[in-house]
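Only one chain is included here, represented as structure tokens and corresponding to the form predicted alone.
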């Protein structure tokens, strides 16, 4: 398939990473983005060594390096007292252990880095304003038609168009979404000249009954990304719904004063519902396959959203390179990725439950965290951060 052209629906992190990975193994890619133009969106994103290793491999790391935060540790704290429960090493420790750094970044900066790398590759063509409304498969080709009647044909199609994937809907019909009982809100604040190192140079995770807060440096340490997750069955469409600062602060009233002081500095908040869906029976149909969030949601409590998209991209490229037959390549990709994504999803969901414990079980959690050396805790995630694409 080395001379084939692949359609990639979605010009986000997963779609651009997939185009970059495929272009490196001899494929031409046509990226079809629904939006008329790319715009800055989202807030912070964490990229573990399993992700930064792949950013380097696809040629995007150098575009991003100057904009990232490089935290030295994850500081796990009791949300109410502020007491430190565990210090989990990042920085040089994790880079030495896994051969790649742990970065924190603004989502827009990560996307800009991938876009810059993609635009520098002659094998990659990006078309904005292409809203896929129909997919038609032939014996050796697949055609995507836009809502305004344009069409493009290639040897295969990858749906990397996010959780509300049009490609998934066209292949398998609508997928029911169920509230997970969690709602998240995000904001970004500028770093103050007197910012404590715990906020400016580390990832912070604050645990409390029915809520937790995460923060970390972005934009080369000039800003701090904030995420507040609370237990709530509300369901909002999209992930950019406005919420007042007062509403966010009301949900975390009673948490430690230093944390509340940081949260009080944020003026603009966006919220979104964390939802679940039934697992898909298959990720592919004929010459079309899903990747990234289009395969289904993973809770963000392991900070692996970007890394999973990058791993999917690299695995797809490996499968396309090794298999001359498109369906065989897509089947090999799914076989490789499904157990991995399921393990990450299960671990992330369990983390979310642990974060919100109350009463005696929260006391037991805190005692356990205090007793375990941080290096031992992080070594338990070698399976995650040390993952290599076959």
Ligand SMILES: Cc1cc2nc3c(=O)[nH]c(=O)nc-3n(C[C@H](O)[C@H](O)[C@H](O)COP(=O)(O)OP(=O)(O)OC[C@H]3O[C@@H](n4cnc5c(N)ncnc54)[C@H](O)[C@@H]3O)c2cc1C
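Quick caveat, the model's predicted, so the values are computed rather than measured. Residue numbers count along the first chain shown, from 1.
One more form of this protein exists, namely the form predicted together with the ligand; it is left out here, but the text below deals with it.
S.K.: Can you pick the stretch from 70-78, 85-93, 125-133, 228-236 whose heavy atoms fall within 4.5 Å of the ligand in the predicted bound form?
M.R.: Heavy-atom contact with the partner occurs in 125-133.
S.K.: Only one of 54, 326, 45, 29 comes within 4.5 Å of the ligand in the predicted bound form by heavy atoms, so just point that one out.
M.R.: If I apply the 4.5 Å criterion carefully, the residue I get is 45.
S.K.: Only one of 186, 182, 215, 212 has a non-hydrogen atom within 4.5 angstroms of the ligand in the predicted bound form; which is it?
M.R.: The option sitting close enough to the partner is 186.
S.K.: Does the ligand come within 4.5 Å of any heavy atom of residue 41 in the predicted bound form?
M.R.: So residue 41 counts as contacting the ligand.
S.K.: Under a 4.5 Å heavy atom criterion, is residue 340 part of the interface with the ligand in the predicted bound form?
M.R.: Result no; residue 340 lies far from the ligand in the predicted bound form.
S.K.: Looking in the predicted bound form, any heavy atom of residue 35 within 4.5 Å of the ligand?
M.R.: It does: once the ligand is placed as it appears in the predicted bound form, residue 35 has a heavy atom within 4.5 Å of it.
S.K.: At the 4.5 Å heavy atom threshold, is residue 166 in contact with the ligand in the predicted bound form?
M.R.: Looking in the predicted bound form, residue contacts with the ligand include residue 166, since a heavy atom lies within 4.5 Å.
S.K.: Sequence order please: the residues of 6-30 with a heavy atom within 4.5 Å of the ligand in the predicted bound form.
M.R.: Residues within 4.5 Å: 9, 10, 11, 12, 13, 14, 15.
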